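One chain is shown next in structure tokens, namely the form predicted on its own.
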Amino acid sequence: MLDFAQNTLDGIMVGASYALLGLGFTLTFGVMRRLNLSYGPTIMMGVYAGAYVSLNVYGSLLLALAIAVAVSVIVGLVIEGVCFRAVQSDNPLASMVSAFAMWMVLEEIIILLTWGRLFPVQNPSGLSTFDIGPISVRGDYFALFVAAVVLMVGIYWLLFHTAFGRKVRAVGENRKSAQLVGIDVNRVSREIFVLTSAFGGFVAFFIAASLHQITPGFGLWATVKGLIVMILGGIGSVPGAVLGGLLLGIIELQAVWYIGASYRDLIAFALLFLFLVVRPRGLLGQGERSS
């Protein structure tokens, strides 16, 4: 039972970061009814930029984090303009394919600029731990969890207690009706890309720090985790993304302990398949809404 409790606590901490990755996809899909498949590579670009500055310019983690967020936002705005605003087709596959193509472009840019090498990302807590009774807590996991919780609380407040949040929810509910009442749908879409890219770059830097490195495969990893979380929680559901992230984190960490680390991703895909068969709408997914 002690091992189970330890793994559950670790899973909750890791799952909080998964939840933020899922929120990036959920918010974009909820507002635009489009999947941004280049989200993972977007935030990977930010982390690489931050790591490069930390390694070669000035070794400040705060500066590296700021650079990671800023570059993620810039790349996110480029994606929004090139893959979504410029693609006027009503067929959602058009923007999805263009975003996938941009994913390949961003990944190739990183590989060419870095020769496919990993960049070390400093972890200020190292592998230090502290104890809560009989349970041990990794310092980097705790920092990641605190950062994720603060961001999730901030996002919740922004979406449900501000004028911007009311516009976002109105556009997500019905784009045509939102336009009729004077909401600039294109502006809301750009602001959502800024928001998701900013907190995505932030949490991605913390994840890379917990891994002590960033590699060209991070974009694929973040995209897969985010999509799994969104589907587990329910497409378009913000609370569902949070629950989906926590569920995925807990199950993965339990699998690592009881089965082995090599089965971690297999368990995640098996969980996704189970949900698609048994509950395709996810934990808190709703029926299809009109656009």
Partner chain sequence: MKHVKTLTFAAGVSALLAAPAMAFQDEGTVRLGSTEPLTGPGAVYGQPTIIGKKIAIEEINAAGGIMIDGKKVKLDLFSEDDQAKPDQGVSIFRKLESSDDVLAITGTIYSRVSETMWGLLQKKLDDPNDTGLQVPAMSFLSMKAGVASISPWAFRNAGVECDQHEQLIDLVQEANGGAEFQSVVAALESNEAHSAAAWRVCYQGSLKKRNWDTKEYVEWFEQDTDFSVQVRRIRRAKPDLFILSSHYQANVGAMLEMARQGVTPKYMISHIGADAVEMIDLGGKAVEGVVFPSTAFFADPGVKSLLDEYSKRTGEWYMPAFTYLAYEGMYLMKHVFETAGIKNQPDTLAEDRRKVRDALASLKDWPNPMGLKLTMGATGDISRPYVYVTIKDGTFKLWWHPTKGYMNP
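Rigid core (definition): largest C-alpha set, two forms, superposition within 1.5 Å. Residue numbers count along the first chain shown, from 1. Here the structure is a predicted model, which means the values were calculated and not measured.
In what follows, reference is made to the form predicted together with its partner chain, a form of this protein that is not presented.
Contact with its partner chain in the predicted bound form holds for all three of 6, 118 and 211, each having a heavy atom within 4.5 Å.
Its partner chain is not shown here, but in the predicted bound form it comes within 4.5 Å of a heavy atom of residue 261. Residue 142 falls outside the set of residues with a heavy atom inside 4.5 Å of its partner chain in the predicted bound form. With a 4.5 Å cutoff on heavy atoms, residue 257 counts as touching its partner chain in the predicted bound form.
Contact check for residue 65: no non-hydrogen atom falls within 4.5 Å of its partner chain in the predicted bound form. Checking 160 to 168, 212 to 220, 142 to 150, 183 to 191 against its partner chain in the predicted bound form, the stretch whose residues place heavy atoms within 4.5 Å of it is 212 to 220. Taking a 4.5 Å heavy atom cutoff to its partner chain in the predicted bound form, the contact residue among 246, 53, 69, 253 is 253. Annotation: Cα of residue 264 displaced by at least 2 Å between the shown form and the other one, core superposition.
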